[in-house]
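Read the single chain below, which is given as structure tokens and is the form predicted alone.
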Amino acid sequence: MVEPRVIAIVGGALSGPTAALKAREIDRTARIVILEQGAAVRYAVGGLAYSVSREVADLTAANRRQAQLVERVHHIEVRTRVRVERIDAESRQLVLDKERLRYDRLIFAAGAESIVPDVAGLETARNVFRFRTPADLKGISAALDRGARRVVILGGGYFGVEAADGFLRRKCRVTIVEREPRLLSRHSETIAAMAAEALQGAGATVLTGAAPASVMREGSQVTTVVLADGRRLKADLVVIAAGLRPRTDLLRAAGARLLPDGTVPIDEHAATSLPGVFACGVCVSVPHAPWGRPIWFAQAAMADKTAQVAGICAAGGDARLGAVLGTAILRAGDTTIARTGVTSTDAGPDAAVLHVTAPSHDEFFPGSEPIAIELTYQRSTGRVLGAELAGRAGVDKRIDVFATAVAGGLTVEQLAALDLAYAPPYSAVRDPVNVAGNAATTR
């Protein structure tokens, strides 16, 4: 009798269980084991801000239902509070706390951890939380229920802005502290400034070029965050969103190839340099279209895509990653910020950047709002390379059109000629996408 294939998965937040479910679709008899060092699996990291704002009623219950689905319906072993000590790639074994687990295929989905500023007394305080896990959400919710309202957020990247938006909707007094000269450093200065203005308009204080130097405590609680320039920020709650660090030490120790930022590069099948070892989630770097250079996108949509490919291939199927563009969207107060592909912050010498503004729909129909568009394209060929958008309405569907254009290799001429849906409540006769393409064509 042939022994069933053993697929071990290190990490159970989002991408690990997703990979397990895809593997089960391919191999109905495999023994699939998820090993998670935390207390919960298959939780929605991207939903934390919406739970804080109370737009999502009960994220905990939804997470619990998803975890039960993995175990009871798909017969996948889930082992929580388990620490993997070492990967023995040569013998294909995982060294755990008190045992070894043999595997035929390994999927590494350990994710990333929050970078905590090196400030004495910060990490040990009881009212300081990362913004990553259900445990973080539980602590934050309890603090808000007790009356915490002054929130200091350390970090102004995607997680920091997302957190700020959630707390503002909860009527908190929010201060964002960002080391860089602007929020959202992967976005252009123009688009990042629009995000900052929107957050300030919603009531937030945005401090850029600033960093925490020390904290003042009363017992186990931080009461004041002291900045390097001496400014003091009163705080009932401190949220750490100062960036992420990939959890890849196990792969490094096992001899896997890693990039300087600590991420593990994967090929189109989500395979690593180690035999029989795949990787997915927010610890991997993927080839970035259209240039093909490996790049790290620590976001849920990319984690899901890499997890699907890893799960299928680990189970013996055949799947390939599609064009990876780093498409992302974010809410900042009343403004939506989005990007895809190559933007003005990483454009090459043959790239041109065009700035246009167009109405989200016909201006005579109520609710029309301007959409700011930065279109990046190749000078020599007219090929669309990427775009950034900001506006109060209509950004979401336009960024997906731009992403499709980049993936499909469309030119600005083809972008101008796209036949897109029109009715006054939804668009203008010449859609903002057409406007951008036409402006680039006639430039």
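Counting begins at 1, following the sequence as shown. As the structure is a prediction and not an experimental result, all values here were calculated from the model.
Beyond the structure shown, there is the form predicted together with a small molecule, which is absent from this document and is the topic of what follows.
Inset, instruction - Would you confirm whether the three residues V52, R150 and V222 all fall within 4.5 Å of the small molecule in the model of the complex, going by non-hydrogen atoms? - result: Heavy-atom distance to the small molecule in the model of the complex: none of the three under 4.5 Å.
Inset, instruction - May I ask you to check whether G111 falls inside a 4.5 Å heavy atom distance of the small molecule in the model of the complex? - result: The answer is yes: G111 has a heavy atom within 4.5 Å of the small molecule.
Inset, instruction - Would you please decide whether G281 lies within 4.5 angstroms of the small molecule in the model of the complex, comparing each non-hydrogen atom pair? - result: Answer yes; at least one heavy atom of G281 falls within 4.5 Å of the small molecule in the model of the complex.
Legend entry - Proximity of Q299 to the small molecule in the model of the complex, heavy atoms at 4.5 Å: Close contact exists here: in the model of the complex, Q299 approaches the small molecule to within 4.5 Å, heavy atoms only.
Legend entry - Contact label in the model of the complex: Q37 to the small molecule, heavy atom within 4.5 Å: Yes.
Legend entry - Option from 265 to 273, 164 to 172, 361 to 369, 242 to 250 whose residues, in the model of the complex, bring a heavy atom within 4.5 Å of the small molecule: Result for this chain: 242 to 250.
Legend entry - Contact residue in the model of the complex, from V84, L122, A254, L101 (heavy atom within 4.5 Å of the small molecule): Checking each option against the small molecule in the model of the complex, the one that comes within 4.5 Å is V84.
Inset, instruction - Quick one: from V45, A393, L410, V33, grab the residue that has a heavy atom within 4.5 Å of the small molecule in the model of the complex. - result: None of the others qualify; the residue that does is V45.
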